[in-house]
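Just one chain follows, in the form predicted alone, and it is written as structure tokens.
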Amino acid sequence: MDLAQKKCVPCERGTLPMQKEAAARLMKQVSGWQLLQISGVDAIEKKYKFRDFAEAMMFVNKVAALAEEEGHHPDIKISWNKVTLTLWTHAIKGLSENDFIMAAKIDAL
């Protein structure tokens, strides 16, 4: 099933973060996202560029609405015409399929 068609589901207690090999496979399904580590935690990140601040904020508002709908929230950094989104599953301190589902849904906005 296409990632963008799936729904984020809460991680169960004891769920382990995704292994790097599984993350690498899912990376092939999301365009422009980069796999990185933040303070030793695997995450994915993408940078977007817009014409101006207003356009960047319209995008961020769409991402925020989607995040609320899915119950999975990215870290968002906004500057004048740029937005950086970082996804990782805080509850398990690493990546889960939810991060890739959100990435695919964000790309479909």
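Numbers follow the displayed sequence, beginning with 1. What you see is a predicted model, and the numbers here were worked out from it, not measured in a lab.
The following text describes the form predicted together with a further copy of the same chain, which does not appear among the structures shown.
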Classify residue 35 as contacting or not contacting a further copy of the same chain in the predicted complex by the rule of any non-hydrogen atom within 4.5 angstroms, answering yes or no.
no
a further copy of the same chain contact in the predicted complex: residue 27, any heavy atom under 4.5 Å:
no
Is there a heavy atom of residue 77 lying 4.5 Å or less from a heavy atom of a further copy of the same chain in the predicted complex?
yes
Just to confirm, residue 60 within 4.5 Å of a further copy of the same chain in the predicted complex by heavy atoms?
yes
Those residues of 23-39 which, in the predicted complex, come within 4.5 Å of a further copy of the same chain by heavy atom:
none
